[in-house]
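What follows is a single chain, given as structure tokens, in the form predicted alone.
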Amino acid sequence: MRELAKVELHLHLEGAANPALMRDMAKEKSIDISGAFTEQGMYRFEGFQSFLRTYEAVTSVLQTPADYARLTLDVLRNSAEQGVVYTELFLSPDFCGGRDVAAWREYVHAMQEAADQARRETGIQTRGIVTCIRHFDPMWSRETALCAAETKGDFITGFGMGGDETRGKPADFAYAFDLAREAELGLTAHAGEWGGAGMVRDTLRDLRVSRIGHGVQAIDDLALVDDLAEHEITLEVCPGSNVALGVYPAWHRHPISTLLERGVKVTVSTDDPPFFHTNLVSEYENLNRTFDWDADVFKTVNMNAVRAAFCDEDTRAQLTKDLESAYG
């Protein structure tokens, strides 16, 4: 599974931080975040709300563009070790300069330089998706979208929304998504992880995205599933995350395989891998073990990811060629 070429579309940069790295950085800065870790040195949380609190505590250690460059390089090296050839990172100006465009530019520059270094070292290609945070003030999302629009380029290619799906409505963020759309950024939003199938419908209607982060609860509305397939909406599915957080009680209860069988453009990602004790190789092994997915199925989901990626057409064509060669 490690040798299979992989494309990942749903990876939160801070959520992918190695716990050991964050403990080291906290020690260097004399910041006490010891409560965020278990005795075994892993991230401590119980349930989604606790996860968000731990996530934000850990993120408090990241205070400068240099910190984010260090994190980005570490995350991308780890992804490359998992066989990832192309990845998209969720990046938030809320944590990088407080949504100030001038400060955000410095963070983007640092992260892009780290991504360029990772590509030289490992071959992995990276794009950034600027994300607003749903459980923050919806008005802040407009500033976040402006940050995205002002830094759109070879590295920043998308705009999205993460955070607590049970807070607010998708329509509250329509202005931000309209601004990002006018800037010709790719659009995605978390929905259908906690908010049910109805939240997926509302998000598609109000934000007009081409991709949905998670989206797995769409399975509870088969008419919606058929709509997703018909309109070729891509789902960024993170099964290990869903099982770890209790969205589904076990791998065999997860709907990813059923969604794929019904024609939905399913992809596979890890979300916040060290929080959920997973990585992309582990995800593939579990999918193979649970649903008997073989190389042909993995080729399909990776081709789905390439077609939905927020990248230029030359990159898409090269990735398609590389995957065809890798999978035969």
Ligand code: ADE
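Here the structure is a predicted model, which is why all the values come from computation and not from measurement. Numbers for residues come from their place in the sequence shown, where the first is 1.
What comes next is about the form predicted in complex with adenine, which is not displayed.
Colleague: Which single stretch, out of 22 to 30, 44 to 52, 299 to 307, 285 to 293, brings residue heavy atoms within 4.5 Å of adenine in the predicted bound form?
Modeller: Checking each option against the 4.5 Å cut-off leaves 44 to 52.
Colleague: So, in the predicted bound form, is Gly196 in contact with adenine at a 4.5 angstroms heavy atom limit?
Modeller: Residue-level check for Gly196: no, no contact with adenine.
Colleague: Is there a heavy atom of His254 no more than 4.5 Å from a heavy atom of adenine in the predicted bound form?
Modeller: It does not: once adenine is placed as it appears in the predicted bound form, His254 has no heavy atom within 4.5 Å of it.
Colleague: Answer yes if any heavy atom of Pro138 is within 4.5 Å of a heavy atom of adenine in the predicted bound form; otherwise answer no.
Modeller: Heavy-atom contact with adenine at 4.5 Å: absent for Pro138.
Colleague: With a 4.5 Å heavy atom cut-off, would you call Leu245 a contact of adenine in the predicted bound form?
Modeller: Yes, Leu245 sits close enough to adenine in the predicted bound form that at least one of its heavy atoms falls within 4.5 Å.
Colleague: Can you pick the one in Gly128, Pro170, Pro93, Gly162 that has a heavy atom within 4.5 Å of adenine in the predicted bound form?
Modeller: Among Gly128, Pro170, Pro93, Gly162, a heavy atom within 4.5 Å of adenine in the predicted bound form occurs only for Gly162.
Colleague: Tell me, out of Thr144, Ser79, Thr72, Ser241, which residue has a non-hydrogen atom within 4.5 angstroms of adenine in the predicted bound form.
Modeller: Of the listed residues, the single hit is Ser241.
Colleague: Could you list which residues of 256 to 286 come within 4.5 Å of adenine in the predicted bound form, counting heavy atoms only?
Modeller: Sequence-ordered list: Asp271, Asp272.
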